[in-house]
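Read the single chain below, which is given as structure tokens and is the form predicted on its own.
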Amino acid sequence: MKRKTDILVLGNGAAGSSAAFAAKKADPSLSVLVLSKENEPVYSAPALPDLLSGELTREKVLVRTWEEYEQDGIEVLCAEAAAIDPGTRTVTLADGDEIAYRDLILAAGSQPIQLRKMQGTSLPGNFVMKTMADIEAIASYSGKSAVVVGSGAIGIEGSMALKARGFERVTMVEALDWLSPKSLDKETSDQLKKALESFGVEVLTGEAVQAVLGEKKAEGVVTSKRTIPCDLVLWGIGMRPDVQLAMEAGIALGETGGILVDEFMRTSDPHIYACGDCAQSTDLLTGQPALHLFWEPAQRGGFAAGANAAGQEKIFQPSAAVFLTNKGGLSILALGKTEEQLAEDPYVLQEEKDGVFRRLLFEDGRLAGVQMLGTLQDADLFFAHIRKNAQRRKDAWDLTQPVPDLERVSVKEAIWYLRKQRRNAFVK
């Protein structure tokens, strides 16, 4: 069977759903069809740990209802695409049916990295945390002890959620020397480790998981230093863009492995757009190609792709990598550069007071990075300064001013000066 649609969207996550609604709003006369692997309307992926912990119900995680799709005239087909033929502008489904499109939007998202070649990783009891189905599978699996592999946002939030769910022992294992080293300095990692341990999560760093033990189900993991008995293993070692269909269709990829798009989200094929986790973007702070696998840029990218596929011209503005979690009483924020990345006249201020840790990193007296635990206060202020400082150019008017006498000021005084600059319109 072959059917036709004006705009076909592959994926119904943050990017895909945003693209579909944006296209329909831009031109209500267009037919818009969404292919969804899941039999669910779009839901908030960042809220999945709260669903696992029991803090939120399934209904609270949903972003839209099926009725909203219907009201806007968006058709959803719960099916999986098997191949794309750009020459005939058709997508073949897994069951052999074909859909002809005028324009195609790829919003396939990303896939969790799981070490399938490692011993025991295919046993029951190995889980990832990407979809609502993953959460339901974990929730229905009996166990009282868990090992969480990886210390990124998934590892941290997954550990906290499992502990809140009632697991008696939760152990986080990180192969590198400290937690989330791409986002955090060791000093911040040490504070995070203490915070996690205060919630009852055991934290092990500098240990690589080498195998999962068990014959019929997961019964433990072997690291480079020890054996840890457990009932469940949660993998949180990262995500990779889902670009298989694009590769097979001859769509160009960027240097990061994501689908190469222009500022209008167009791919190397003028009738195919890409957005969300599967698409390469540009980092706002560095200007370099990047993969930003976050909810906010996925929504914005989807909006731009959908509007442009419908005939408008919406530019997708670059985004910045922000490490942010605020789950179960634990708040973490990291943005901008780490100490290792500081280059020009570096200086670091930090303080720990009343359960709050702040670490401010400066280049040439200007804010270049921030790492905080226990608070999200002034996050917008810090982001504004870091963004403006990253955009400084030689012989151009400075939008910010250096913090004077950094060697003599406290963190509180430095923040006061940053606020003063903003009030004086250095930072808009």
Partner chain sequence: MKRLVFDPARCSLCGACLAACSAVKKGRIDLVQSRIRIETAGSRKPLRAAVCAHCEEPACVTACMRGIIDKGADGLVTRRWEECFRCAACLVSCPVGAVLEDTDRKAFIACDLCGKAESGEDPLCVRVCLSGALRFEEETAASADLRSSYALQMFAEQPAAPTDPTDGQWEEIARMIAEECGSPVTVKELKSAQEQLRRDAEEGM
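Just so we're clear, the structure is a prediction, and the values are computed from it rather than from any experiment. Positions refer to the first chain, counted from 1.
This protein has a second form, the form predicted together with the partner chain, left out of what is shown; the following refers to that one.
- Of the candidate stretches 317-325, 125-133, 196-204, 235-243, only 317-325 contains residues with a heavy atom within 4.5 Å of the partner chain in the predicted bound form.
- Contact annotation: of the candidates Ser110, Ser189, Gln299, Gln280, the single residue with a non-hydrogen atom within 4.5 angstroms of the partner chain in the predicted bound form is Gln299.
- Within 4.5 Å of some heavy atom of the partner chain in the predicted bound form lies at least one heavy atom of Glu55.
- Among heavy atoms of Leu184, none comes within 4.5 Å of the partner chain in the predicted bound form.
- The closest non-hydrogen atom of Lys4 lies beyond 4.5 Å of the partner chain in the predicted bound form.
- Although the partner is absent from this view, Trp295 contacts the partner chain in the predicted bound form, with a non-hydrogen atom inside 4.5 angstroms.
- Contact check for Val61, Leu333 and Leu376: all three have a heavy atom within 4.5 Å of the partner chain in the predicted bound form.
- Of all the residues from 37-59, those having a non-hydrogen atom no more than 4.5 Å from the partner chain in the predicted bound form are Ser44, Pro46, Ala47, Asp50, Glu55, Leu56, Glu59.
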